[in-house]
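One chain is shown next in structure tokens, namely the form predicted alone.
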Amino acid sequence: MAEAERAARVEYDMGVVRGFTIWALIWGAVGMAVGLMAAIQLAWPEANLGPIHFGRIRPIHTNAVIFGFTLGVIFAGSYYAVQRLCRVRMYSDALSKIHLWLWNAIIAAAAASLAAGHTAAKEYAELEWPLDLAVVVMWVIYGVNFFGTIAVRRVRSMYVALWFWMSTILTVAMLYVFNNLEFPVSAFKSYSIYSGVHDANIQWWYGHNAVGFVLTVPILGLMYYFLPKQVGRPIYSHRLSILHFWSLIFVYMWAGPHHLIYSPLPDWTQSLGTAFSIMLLLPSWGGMLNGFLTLRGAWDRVRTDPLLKMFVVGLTFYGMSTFEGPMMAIKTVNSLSHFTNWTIGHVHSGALGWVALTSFATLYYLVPRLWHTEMWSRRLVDAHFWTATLGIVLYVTPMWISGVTQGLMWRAVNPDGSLAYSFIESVAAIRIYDVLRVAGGAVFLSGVLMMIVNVALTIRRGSAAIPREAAPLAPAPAAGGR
């Protein structure tokens, strides 16, 4: 019996999860600090110093927080969960290590190249062709390792979180390759094979789905796995999670043209993007309700459990953002909101409220289990939640007000048809909101620094080696109650 029990045990590779956890926090702090610098430069233009100006700072910020912090958390969470859901070790330890260090090298090289002014000038796709090739290699390594693990799984059924991560791997690969098809003309310069409106259409097919399949779909995978684990009960409805998955990934793919309303893009394409954007409301809210209903009978714990607070507020912002987005895709609303800070407020309500809070909760769940100890300070986790929430409100609310102010001033006309306000008057009118954005960003960043201190002291107190990370081979837990 002892021999059989030892043979049935699986030793998971937690080294790669620890690596992605630590580096995700590092890149998160760097990316958010650079974002705060960009906000300062908008509020006080004299802070734009030499080559360190907003035009170079801003893409460094977006790349660090999206592809550094967020992807780092996704890699950590998916590597942790796939081994447990499949009851096997990762397909290849070597691929795991290569993936970790190649990803880190790409993020560092991206920051250096963007700071030097090398950019493809595409939203979320600014990297030049040598780094694009490195990203493809890194992504293929992740895909082979992830799908290889699923291929040798010892559990027949696949929990829905795996489907969200698998769709992320396949869809991002397709999006990234086709949007970055380009002609290299030097070591650090290339030009897209597409031109004009075709280039814009492909770019926002990619750009919107980069939000969808990096900042939404895999984060939902984290929610579907880690929220039930923290609550200690299965997801409310497995059927609803499957319906959520298939409807979301189908509809999301075709909503990109809403970024190009009132552009030279054919009107029917713009209208199609609007229609699919409005349809997104249904699957998005289905996932939100599935998360909320998982807490039935456990809502009293939200009062005392900071991780559940983060998950609940994250789901709330997910619902708000996925309502606001479709509304902003309606042409009459878009005529007021487009090119204004309202869009910035919308993006950050999702990025800070949904993505960051869910990511923080995931990391707080992982760290004690990776180092076999308790968090150094539970009170500091709770303080981080309240600091992050305050920072989000201080950031997003001024951007909403600022955006509506901009839109109304830009479209105001005198009786003779001339503009009622000059552009510089609209800039002056919103300056107070730019200052408030700096305050909100500073408060949010202070919460991240709290987390880093708490995690560092937890790691110092814990151990990565004792006890050994192992779990008995057993049937998969019930996937859902309904």
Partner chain sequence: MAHEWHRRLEARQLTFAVLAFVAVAIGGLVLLIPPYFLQGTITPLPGVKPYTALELEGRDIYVREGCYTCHSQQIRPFKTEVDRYGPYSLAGESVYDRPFQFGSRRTGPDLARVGGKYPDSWHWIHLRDPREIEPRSNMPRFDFLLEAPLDLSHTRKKLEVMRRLGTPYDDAEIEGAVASAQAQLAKLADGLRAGGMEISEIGGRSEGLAVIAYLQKLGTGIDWRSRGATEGRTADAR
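Residue numbers count along the first chain shown, from 1. Quick caveat: nothing in here was measured; it's all calculated off a predicted structure.
There is another form of this protein, the form predicted together with its partner chain, and it is not shown here; the text below is about that form.
A.B. asks: Name the single residue among 354, 103, 213, 225 that comes within 4.5 Å of its partner chain in the predicted bound form, judging by heavy atoms.
C.D. replies: Contact residue from the list: 213.
A.B. asks: Could you spot which one of 279, 98, 272, 177 gets a heavy atom to within 4.5 Å of its partner chain in the predicted bound form?
C.D. replies: Result of the distance check: 272.
A.B. asks: Please name which of the stretches 46-54, 447-455, 25-33, 66-74 has residues with heavy atoms lying within 4.5 Å of its partner chain in the predicted bound form.
C.D. replies: Going through the listed ranges, the match is 46-54.
A.B. asks: Verify the contact flag for residue 292: yes if a non-hydrogen atom of it lies within 4.5 Å of a non-hydrogen atom of its partner chain in the predicted bound form, no if not.
C.D. replies: Residue 292: no, not in contact with its partner chain in the predicted bound form.
A.B. asks: Any chance residue 126 has a heavy atom within 4.5 Å of its partner chain in the predicted bound form?
C.D. replies: The answer is yes: residue 126 has a heavy atom within 4.5 Å of its partner chain.
A.B. asks: Considering non-hydrogen atoms and a 4.5 Å limit, does its partner chain approach residue 415 in the predicted bound form?
C.D. replies: Judged by the heavy-atom cut-off of 4.5 Å, residue 415 is well away from its partner chain in the predicted bound form.
A.B. asks: Residue 139 near its partner chain in the predicted bound form, any heavy atom under 4.5 Å?
C.D. replies: Contact with its partner chain, no.
A.B. asks: Looking at its partner chain in the predicted bound form, is some heavy atom of each of 197, 204 and 339 within 4.5 Å of it?
C.D. replies: Contact check passed for all of 197, 204 and 339.
A.B. asks: What residues in 376-407 sit within 4.5 Å of its partner chain in the predicted bound form, counting heavy atoms only?
C.D. replies: If the 4.5 Å heavy-atom criterion is applied to its partner chain in the predicted bound form, 376-407 yields only 406.
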